[in-house]
Ligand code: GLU
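Okay, so here's just one chain, in structure tokens, the form predicted alone.
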Amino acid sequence: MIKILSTGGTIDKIYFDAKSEFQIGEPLIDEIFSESYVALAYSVESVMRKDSLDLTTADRAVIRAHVEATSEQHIIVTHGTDTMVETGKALANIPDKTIVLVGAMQPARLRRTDAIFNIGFAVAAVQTLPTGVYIAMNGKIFDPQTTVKNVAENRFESSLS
């Protein structure tokens, strides 16, 4: 069983034309899995619906508490990309769990999006990686302790290179 904790971010954004802005909607994981014929056991919990730029230290503590409280060993956290690294660091040292943070540069509701690929990649990653905390983005696995978001290139990179 995979536990999916939704925290908001671009994956779940909805564009409101009348307001000319994006807002965070309900988690799309169930719809994405249904359309992709996913045949694995999972459950989704909406922890919060926030842009990652608005997350506080207290919000990260809430996310950590949810991860620690779940009985599942395999956990995916959908998250905004701007502060995903900080949340990954806040989840460090949780024993006996494989935690994968995933996000998107474009909302899943758009025709052209990286969300579907990234979520599928995170599902594979959480089932195959050893215990620990990871970021699954851009077809690569990253360690939050040594990762930065390259905003200009819209991708994650190792800070060691």
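Just so it is clear, the structure is predicted and the values come from calculations on it, not from any experiment. The first residue of the sequence shown is number 1, and the count goes up from there.
The same protein also has a form predicted in complex with the ligand, omitted here; what follows describes it.
Taking the partner from the other structure, the ligand in the predicted complex has a heavy atom within 4.5 Å of a heavy atom of residue 81.
Taking the partner from elsewhere, residue 51 is found to have a heavy atom lying within 4.5 Å of the ligand in the predicted complex. The ligand in the predicted complex comes within 4.5 Å of a heavy atom belonging to residue 104. In short, of 34-42, 93-101, 51-59, 118-126 it is 51-59 that has heavy atoms within 4.5 Å of the ligand in the predicted complex.
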